[in-house]
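Here we start with a single chain on its own, the form predicted alone, put down as structure tokens.
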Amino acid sequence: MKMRQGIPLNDQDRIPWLCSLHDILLRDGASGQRVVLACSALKKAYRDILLRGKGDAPPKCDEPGKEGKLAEVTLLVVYLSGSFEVISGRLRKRKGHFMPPELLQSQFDTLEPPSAPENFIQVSVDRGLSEIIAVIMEALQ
């Protein structure tokens, strides 16, 4: 709702959602499934929550039955990098999306690109879609 109204999300908005995503990754990973999750995870702290949950989050974000021990999942971050101009142009062409183009600058302002020792690959959005998919698939092998 906030984004539809042109209001950027803050950490308090994002953390419960990231904890829920962590729980899904943990559950599905434990059952042997490979999971593809698409989300912005703009900050390193957000990616850390996806990996390990959050100690001061609601109990659901911790592995059940292991209070005090944070659960961890295996995660490869695919950082789709691109200039503000390119991404803005694509965003303006989308119809019916919940995020108005005016919020893009707040996303760039929040962005902390992944870096070592995070497990990530960086792929330019200037590449064609089939090439982007090929690079990601190769990294997953």
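The first residue of the sequence shown is number 1, and the count goes up from there. In this text, all values refer to a predicted model and were calculated from it rather than measured experimentally.
In what follows, reference is made to the form predicted together with a small molecule, a form of this protein that is not presented.
- The closest non-hydrogen atom of Ile15 lies beyond 4.5 Å of the small molecule in the predicted bound form.
- The small molecule is not drawn, but in the predicted bound form it has a heavy atom within 4.5 Å of Ile132.
- Although the partner is absent from this view, Lys44 stays clear of the small molecule in the predicted bound form, with no non-hydrogen atom inside 4.5 angstroms.
- When the small molecule is considered in the predicted bound form, Val125 lines it closely, a heavy atom lying within 4.5 Å.
- For the options Leu91, Val77, Val35, Leu51, the one in contact with the small molecule in the predicted bound form, meaning a heavy atom within 4.5 Å, is Leu91.
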